[in-house]
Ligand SMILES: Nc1ncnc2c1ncn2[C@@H]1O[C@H](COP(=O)(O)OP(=O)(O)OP(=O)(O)O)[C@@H](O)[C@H]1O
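To begin, one chain is listed below as structure tokens, in the form predicted on its own.
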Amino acid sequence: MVELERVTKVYRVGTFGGRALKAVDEVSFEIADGEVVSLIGESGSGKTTIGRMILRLIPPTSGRILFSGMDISTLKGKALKDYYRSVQGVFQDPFSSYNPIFKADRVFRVVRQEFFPNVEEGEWGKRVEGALRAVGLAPGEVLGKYPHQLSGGQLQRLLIARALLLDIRFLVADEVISMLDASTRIDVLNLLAELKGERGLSILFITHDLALGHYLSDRAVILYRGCVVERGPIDRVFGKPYHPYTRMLLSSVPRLDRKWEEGKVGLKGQQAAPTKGCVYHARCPFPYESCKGERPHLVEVEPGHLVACHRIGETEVGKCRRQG
């Protein structure tokens, strides 16, 4: 459904834009129909930038993003509006998506004005009610309320209901539960899982929380400094991680059955981004000399499981084929 082909995003930063910051560096992966893919990485890894490029909020510097085989950068006019009927996003802070001086259900009126101007009032009311019930909201409890009168979980569900009114096929969910309390998080995750199962919705689930990614996803893409360092089926990436960064992330998840000790695998603190070589070599606990000067390619260590690490060549998976 959605495919990224060597997508790069460079921002101009500093005084008068004198410096270039490469936020995303030749990222390639795909999300199939009815699939949930988690995009996982720490802050500053480029996750949100990728989501915003898929939503056409910012353009890529190079590379292509395809939706059902079409390059989305070429879409204009009616074709672009049709794209937004199929692709929508929900973001981290639900309160920032609402104007506090308007009632929260104004988001539905905007959708009607933009996409369904010819739908009669009665029919539209039925559609809104159906969308609200689909996300577990009682219309009488949320319609006519101001944002401050609703919880963060209710506001996120309203935004998902707005997307359902468009009969979307693909959702970018960018840290959608990070600002919600623990009791509400599981409800929103279960809602996304139900939408995937019942409607065949494809989801790019952007998160820094590995547990949440594992709970919901079919596949994982591990991102570090704008580069994909590991990707594959969720059970393989989490069950047998190859890249030292992935192993560091997994070892850093606190557990109830033992004391959490920071720094077991490669937690050396944030380092300056290297200009060449492996993006992780400054933090890696066992770098090779080649890591400083040569960027590793993604290789397939087992079916569908790809890793970008020079160490792979000296393991039992040294016969892996190189990926583009």
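Residue positions are given as counts along the sequence shown, with the first one as 1. Remember, it's a predicted structure, so these values are computed and weren't measured experimentally.
Omitted here: the form predicted together with the named molecule. The next part is about that form.
The partner is absent here; in the predicted bound form, the one residue of Glu26, Asp33, Glu30, Glu42 having a heavy atom within 4.5 Å of the named molecule is Glu42.
Looking at His208, you'd find a heavy atom of it within 4.5 angstroms of the named molecule in the predicted bound form. Mapping the unseen interface onto this chain, Asp105 falls outside it, with no heavy atom inside 4.5 Å of the named molecule in the predicted bound form. Contact annotation: Gly46 falls within 4.5 Å of the named molecule in the predicted bound form, judged by heavy atom distances. For the marked spot (Met1, Glu3 and Val188), a heavy atom within 4.5 Å of the named molecule in the predicted bound form is absent from each of the three residues.
Residues placing heavy atoms within 4.5 Å of the named molecule in the predicted bound form fall in a single listed stretch, namely 47-55, out of 47-55, 65-73, 276-284, 294-302. Of the residues in 141-178, only Glu175 comes within 4.5 Å of the named molecule in the predicted bound form through at least one heavy atom.
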